[in-house]
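Taking the form predicted on its own, here's one chain by itself in structure tokens.
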Amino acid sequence: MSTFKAKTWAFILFLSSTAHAGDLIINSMHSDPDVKKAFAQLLEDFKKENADIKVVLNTTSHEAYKVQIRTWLPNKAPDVATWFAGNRARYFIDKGLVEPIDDVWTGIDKQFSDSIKDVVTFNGKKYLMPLSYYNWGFYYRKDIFEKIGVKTPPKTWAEFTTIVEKLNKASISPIAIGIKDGWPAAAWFDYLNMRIHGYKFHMALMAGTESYLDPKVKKTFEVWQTLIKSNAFNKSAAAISWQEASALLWQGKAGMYLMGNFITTQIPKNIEDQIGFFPFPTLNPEIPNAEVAPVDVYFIPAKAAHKAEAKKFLAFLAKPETQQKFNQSVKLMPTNSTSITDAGDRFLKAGIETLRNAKNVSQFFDRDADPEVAKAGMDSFVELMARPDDINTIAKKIEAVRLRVYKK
């Protein structure tokens, strides 16, 4: 064999040895201990069924991941990425950065509800594989409510604000919140806006077709303003995370907490019986209640190197037994309707009932809105919590970004 041929074959062998056709690189934002542990077990189960695939997992903290994905997705993309449904996914899909996976969905679409399929479908194609979803609402101390003379959780806003007054009189912070990372404040805007003006207006605002200077939005801010000025929230809100805020509830220093059902994995065993749940109260009886129910999804980047292996993984995620095992570990709800939800978990039971009674569901402010508008909105909501008198200035800041993004 000539020297040239020998070098050529050596080069070809080198390429084949470094291609790693059986690799599967997954970028994950599951950095919280409970979810990280459950996802690690899920990967072990996948590897048992696919011993020929080498799985490489890269885990990044939740907030850092949301920033970094914009850099690596169009450049050095993994094979699978964790993400959110809603406009957060559409943003990348519209840029051609996400691989359609209709072939993965073939034969399994009947195992998922129409509402779940709607949030993974864009322009007639399916791009996402959902694994979990969860409800939002209030988690509260039953023993503290009993102490201030409240026998049943509130259903109306008048009942809710009365409880706020009673908790203040008892020198207990009415509502725990930690907005160091911004997004917990957005839940308040979502719920107040949907409860006062309805789902249709809220989603139009999220889509950029309504203005943040609309009198309806001002009304939403005014209701929130009144609550803030009534000392409803802990003074430390801007300095602490959502986990640190939950400690206020566990320690009995706060009476209520608006949060997603994932918080139930954090409840200390010694007070578990004292924690109850109720949906966000009704503000306008003529407006059907809509709920926040984010769907966590996985997708294959368009620039993934190992799409065949990635599709095997997404098909594995879709299986009812995979979803059941994972979601029972993290106390969330499986998106596959043939999976079994833990019937003994009273919080999941309450969440399912809440969503069953909802007319509509949203994905959450930073998933439904354009990313730039969402960032401006969340920064402004944090500002509102600190300076509730600056409603007009805050609304103008968000509107300026909306106008730039949508050019309307």
Partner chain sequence: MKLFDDSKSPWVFLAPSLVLYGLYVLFPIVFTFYLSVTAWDGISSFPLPMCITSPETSCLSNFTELFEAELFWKSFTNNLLWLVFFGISPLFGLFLALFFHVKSNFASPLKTLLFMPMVFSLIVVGMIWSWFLQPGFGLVDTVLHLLKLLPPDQEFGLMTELGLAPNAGVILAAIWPHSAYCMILYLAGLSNLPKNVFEAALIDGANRWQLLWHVILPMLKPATIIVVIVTMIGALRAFDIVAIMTNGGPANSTNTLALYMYQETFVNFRYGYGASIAVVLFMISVGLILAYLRQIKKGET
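Heads up, when I say rigid core I mean the largest set of C-alphas that superpose within 1.5 Å between the two forms. Numbering follows the first chain given and starts at 1. This is a predicted model, so every value here is computed, not measured.
Here the subject shifts to the form predicted together with the partner chain, a form of this protein not shown in this document.
Of the heavy atoms in K125, none are within 4.5 Å of the partner chain in the predicted bound form. Using a 4.5 angstroms threshold between heavy atoms, D379 counts as touching the partner chain in the predicted bound form. Among heavy atoms of E372, some come within 4.5 Å of the partner chain in the predicted bound form. In the predicted bound form, the partner chain sits within 4.5 Å of a heavy atom belonging to E244. Proximity to the partner chain in the predicted bound form holds for all of K66, R70 and K235, with the criterion being a heavy atom within 4.5 Å. Proximity to the partner chain in the predicted bound form, defined as a heavy atom within 4.5 Å, singles out one entry of D214, E321, E165, D181, which is D181. Taking a 4.5 Å heavy atom cutoff to the partner chain in the predicted bound form, the contact residue among F262, F316, Y91, F278 is Y91.
Here the chain stands alone, but in the predicted bound form its contact with the partner chain, taken as any heavy atom within 4.5 Å, falls in 91 to 99 among 116 to 124, 264 to 272, 225 to 233, 91 to 99. The partner is not shown here, but in the predicted bound form the stretch 372 to 407 reaches within 4.5 angstroms of the partner chain through a heavy atom at E372, K375, D379, V382, E383, A386, R387, K397, R404. After superposing the rigid core, the C-alpha of K155 moves by less than 2 Å between this form and the one not shown. In the core-superposed comparison between this form and the one not shown, the C-alpha atom of N357 has shifted by less than 2 angstroms. When two forms of a protein are overlaid on their rigid core, residues whose CA moves 2 Å or more are considered shifted, and A187 is not one of them between this form and the one not shown.
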